[in-house]
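Only one chain is given next, in structure tokens, and it is the form predicted alone.
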Amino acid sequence: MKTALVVGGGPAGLIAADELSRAGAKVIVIDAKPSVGRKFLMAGKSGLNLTKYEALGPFVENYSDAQSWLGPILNTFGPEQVVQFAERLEQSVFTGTSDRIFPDAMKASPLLRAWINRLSEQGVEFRTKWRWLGWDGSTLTFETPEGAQSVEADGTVFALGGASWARLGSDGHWAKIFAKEGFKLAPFGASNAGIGVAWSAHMEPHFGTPLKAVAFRSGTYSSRGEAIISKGGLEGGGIYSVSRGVREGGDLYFDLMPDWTIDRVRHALAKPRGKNSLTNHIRKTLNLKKHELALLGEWARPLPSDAKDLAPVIKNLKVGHSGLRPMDEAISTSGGVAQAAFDENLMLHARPGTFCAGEMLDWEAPTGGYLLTACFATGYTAGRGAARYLGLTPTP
């Protein structure tokens, strides 16, 4: 029986182990943490967004620079296959707002338990608290509670994650090992990240307040998603969607009246003000909320009193910020193993029999089901590619 190692027990690693074990390989899943799937569980804490109901063409467009190589992989294992996979684990799903797909249980833990049980029934062995240290020739070496261990395998799938949420296992330590071996890597960067803001004291009453009827823009990226005013800055899907623009050096702007044209805003503000203060006039004519007015005061004071000058400020409020929050706080990361380093099966050119999957590959996507789908898809491709390399036939 051929032996395959899967190093990394997140969704990409587990689905690779699933494919390898179903093809007939002896599979050992190795993870540095005391249990597998820790970031996966955290992702499902507020509702596990598995994928999104969307035509494949628009779906793939969300992967920007990686579309050319990731598109065929998603064509093989895309949103429809993610749903089928969950249902095979007896986890029924539903389509929520914005066509996002969730398990009925909402959390990740029922799906993960069912998945681990199935893998165990298929003979998959799990070794936790094993931290990969590198290669010694063709042998993989690990630091374990029992001391240094070496393992020889016929094939290996690495699914070691990116460089965010280190406490859950994705610390990017593997990149130094890969770089030493000469594999081509793209530098890590924060993706789907919060924006740091050094707020003035008058914003404290608004911490935790959601921004809903607001649009966000930075560089070529724009969003109408929700965001949260937090103590450390700005968080939430709407901000995450444009954080790449900030990372690439673009300014960040809010449109506080995205459903109104600038001429309509000007016309409303041009109404007689009477004895109202400028702030009250803005509130009454535009129906802005207290926290939205507070943001205007935070970043645009002193406000111009003339409607023709004030309207552009409201439609293009420039955010004063300190850049992205630390990378370890980001939902995901860009960078990792560059496309030039692997083939269509995600096998490393320079080390035959070694495959990579998941977030350790150089791709990025917004939240909303795209992240998990690509992790599943690349794990599926790497697992089946590894099975074929071992001379096994992947199951349908």
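One-based numbering along the sequence shown. As the structure is a prediction and not an experimental result, all values here were calculated from the model.
The protein also exists as the form predicted together with a small molecule; that form is not presented, and the subsequent description refers to it.
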Fill in the blank from the handout: With a 4.5 Å heavy atom cut-off to the small molecule in the predicted complex, the contacting stretch among 347-355, 53-61, 38-46, 334-342 is 38-46
Problem - Close approach of S218 to the small molecule in the predicted complex, 4.5 Å, heavy atom - result: no
Practice task
Would you check, heavy atoms only and a 4.5 Å threshold, whether G155 touches the small molecule in the predicted complex?
Solution key: no
Exercise for the section: Flag K33 as yes or no: does it have a non-hydrogen atom within 4.5 angstroms of any non-hydrogen atom of the small molecule in the predicted complex? Expected result: yes
Practice task
Using a 4.5 Å heavy atom cut-off, state whether I228 contacts the small molecule in the predicted complex.
Solution key: no
Exercise for the section: Quick one: from D171, E235, D255, E298, grab the residue that has a heavy atom within 4.5 Å of the small molecule in the predicted complex. Expected result: D171
Exercise for the section: Scan H321, R131, R273, R118 and let me know which has any heavy atom within 4.5 Å of the small molecule in the predicted complex. Expected result: R131
